[in-house]
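As a starting point, one isolated chain is supplied in C-alpha cells, in the form predicted on its own.
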C-alpha cells in the first residue's frame, strides 16, 4: 500500500497526465531545487503550447531552458528571466508570451491558489504597468491592486527527502517555490533525492504533507548546477 505513489522513473511518473495546452508549475529558484529530471521527461513527452509558472526559466540548455529550445512553452509566468538568451530571443520574436510578475506577488499567488483563495490585494505594483487592467481598491487611504491566485494542472517539484506517502522535506534554497507549488497543482509530482519509509521523517521536519503529493520518483544524486560562479585569486602568504 505504501508504494502506490512511487513510479519507476520520471517518464512513468508523468504518464497519462500531460496534455497539449496545459498549465505546469515548476519549482526551484534559479537552478537550485529545480525538478530537472521531470522537466526532461516533459521534453521527451513532446507536449506543446504549455503555460509554465516558474520563478525563472532556467538557463540555456538547463532546466526549463530545454523546453524553450524545443519550443514547447507558449507562455511563461515568471518574475526573473535574465539568465536565458533563448527566452529573450523567443519573446522579442513574438514566439513566447510573457507574464512578468513581482517575485513576492508570484509567490503569494501560488500560495493563495494552493490555499483555495481566488484573489488578494497587494500594494506591490500599484501605479505601474503591473496594475494595468486590474482592479485597484482603497483600504484605509492606501491603494491596493487585486491579484488572482494561481493553480496548475500539474505541479513539478524537487524535494530533498520524502517518505513513500509523499511527505516532503526541502533543503535550504531549494525550499523556494517548491512547497507552495506542491499545494497548488491539481496533480503534484515530486522528484526526491532521498526516499525513506513512512515514519522515518520527524513529523516536525515535514514541510508539505503527503496529501498534496500524488506521484513520486526517486532521483538519487542529481546533478546540481551552479548558475553563476564568481571567483577571486587566493592571496599568497609569504
Partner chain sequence: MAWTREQMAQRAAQELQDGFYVNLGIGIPTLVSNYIPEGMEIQLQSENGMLGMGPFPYEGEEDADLINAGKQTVTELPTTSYFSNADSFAMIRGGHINLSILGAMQVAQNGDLANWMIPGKMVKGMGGAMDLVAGVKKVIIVMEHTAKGEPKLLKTCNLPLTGKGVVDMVITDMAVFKFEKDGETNMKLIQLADGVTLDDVKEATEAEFDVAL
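Remember, predicted model here, so these are calculated numbers, not experimental data. Positions refer to the first chain, counted from 1.
The form predicted in complex with the partner chain is left out here; the points below concern that form.
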query	finding
4.5 Å heavy atom contact with the partner chain in the predicted complex for all of 186, 209 and 214	no
Listed range touching the partner chain, judged in the predicted complex by heavy atoms within 4.5 Å, from 95 to 103, 148 to 156, 161 to 169, 68 to 76	95 to 103
The partner chain contact at residue 32 in the predicted complex, heavy atom, 4.5 Å	yes
Residue 82, heavy atom within 4.5 angstroms of the partner chain in the predicted complex	yes
Residue 230: touches the partner chain in the predicted complex, heavy atom cutoff 4.5 angstroms	yes
Close approach of residue 226 to the partner chain in the predicted complex, 4.5 Å, heavy atom	yes
Stretch 107 to 139: residues contacting the partner chain in the predicted complex, 4.5 Å heavy atom cut-off	107, 108, 111, 122, 123, 124, 125, 126, 127, 128, 129, 130
